[in-house]
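Shown here is one chain on its own, the form predicted alone, set out as structure tokens.
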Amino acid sequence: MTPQKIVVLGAGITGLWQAYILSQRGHDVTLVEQGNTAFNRAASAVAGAMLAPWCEGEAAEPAIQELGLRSIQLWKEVFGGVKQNGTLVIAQPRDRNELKRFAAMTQNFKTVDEAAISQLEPVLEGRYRTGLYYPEEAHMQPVEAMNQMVQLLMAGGAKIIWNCRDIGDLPNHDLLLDCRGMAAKDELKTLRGVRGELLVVQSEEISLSRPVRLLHPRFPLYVVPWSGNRFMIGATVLESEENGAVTVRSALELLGMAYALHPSFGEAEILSFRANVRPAFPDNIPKIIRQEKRLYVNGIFRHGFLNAPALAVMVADYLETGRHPGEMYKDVFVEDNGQW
């Protein structure tokens, strides 16, 4: 295939992966970003960065899970910070029905008793009687992963233009690949914003080796261990495009559930509260939308780190073959008129 000149708009996790895979396939790629770093304005920086396709099966469509399974291997090939220690899902005794429901909706887990939970996470010893363990899942730190992607792009010869506020003045190109998230809302009329909020704390009293999900009928919680005794605690999912500071209600919910997971979180130091708006379509399935010389890759919802690598391969394969990837992804590939 003849290499193309491709401009990728947006250096969130979607744009970074699109630029990386296309440059690896031999295309002349220029990544354009309105901010001064890959995570200055992107919703990706406010992410759990959990590679949890099996847990996401609780609510997500099969295509999301399949993209996630493909993406885990891609992440492991490019980023040494991937930690594949699995995911532990637990619930308070009064919420055991939530655990049963979660098990009925997901696959590829082991049911673990109190002794097994204590072995997996000693800090939880004696606190939870039963849980679900998903051994193949993984996690990472989002900003470190995005920095690695930038370094790989530059090492591979891709060009990056920072602080570009006017996309009307772009380099010459054969294809424009638009990965701007909510910034593309004027062109993608069904795109909506979903607000996510999270908390980062630091504690030397708690040690976790993997993400832990605490189920609750109203306020489910996940905690992701980061380096330096830090923990990302999240996250709310609000149907809102308001991109302001974290609300008092959300802060109380996150702090209360963290304390319920383990009282030692009550003594943790709060490092930051963060909020951002993630792009999603009505069905919460990402879309690759073709409009003549432009492709949109958008609507990745809360699955950015989980789905971005596989979506990038899918786009690159399409540019080489011109073929649709199959029935599994019939809701991912669309043309502007709704047909592929």
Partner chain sequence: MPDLTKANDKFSPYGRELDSRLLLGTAMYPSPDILRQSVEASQAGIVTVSLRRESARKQTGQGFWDLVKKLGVDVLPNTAGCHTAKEAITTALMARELFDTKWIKLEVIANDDTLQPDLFGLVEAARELCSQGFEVFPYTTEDLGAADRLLEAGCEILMPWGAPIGSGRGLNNIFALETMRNYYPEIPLVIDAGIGAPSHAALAMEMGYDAVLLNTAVAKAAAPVVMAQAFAIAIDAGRKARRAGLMEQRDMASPSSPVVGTPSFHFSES
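Just so it is clear, the structure is predicted and the values come from calculations on it, not from any experiment. Positions refer to the first chain, counted from 1.
Note that the form predicted together with the partner chain isn't included here; everything after this is about it.
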query	finding
Exercise: Ala59 in contact with the partner chain in the predicted complex, heavy atom 4.5 Å	yes
Contact test in the predicted complex: Glu253 vs the partner chain, heavy atoms, 4.5 Å	yes
Contact label in the predicted complex: Asp169 to the partner chain, heavy atom within 4.5 Å	no
Partner contact for Glu114 in the predicted complex: the partner chain, 4.5 angstroms, heavy atom	no
The unique member of Arg127, Lys159, Lys83, Arg101 whose heavy atoms fall within 4.5 Å of the partner chain in the predicted complex	Arg101
Proximity to the partner chain in the predicted complex, single hit among Leu176, Ile206, Leu188, Leu238 (heavy atom within 4.5 Å)	Leu238
Candidate stretches 225-233, 133-141, 67-75, 239-247, one within 4.5 Å of the partner chain in the predicted complex by heavy atom	239-247
Heavy atom contacts to the partner chain in the predicted complex at 4.5 Å, residues of 178-192 in sequence order	Arg192
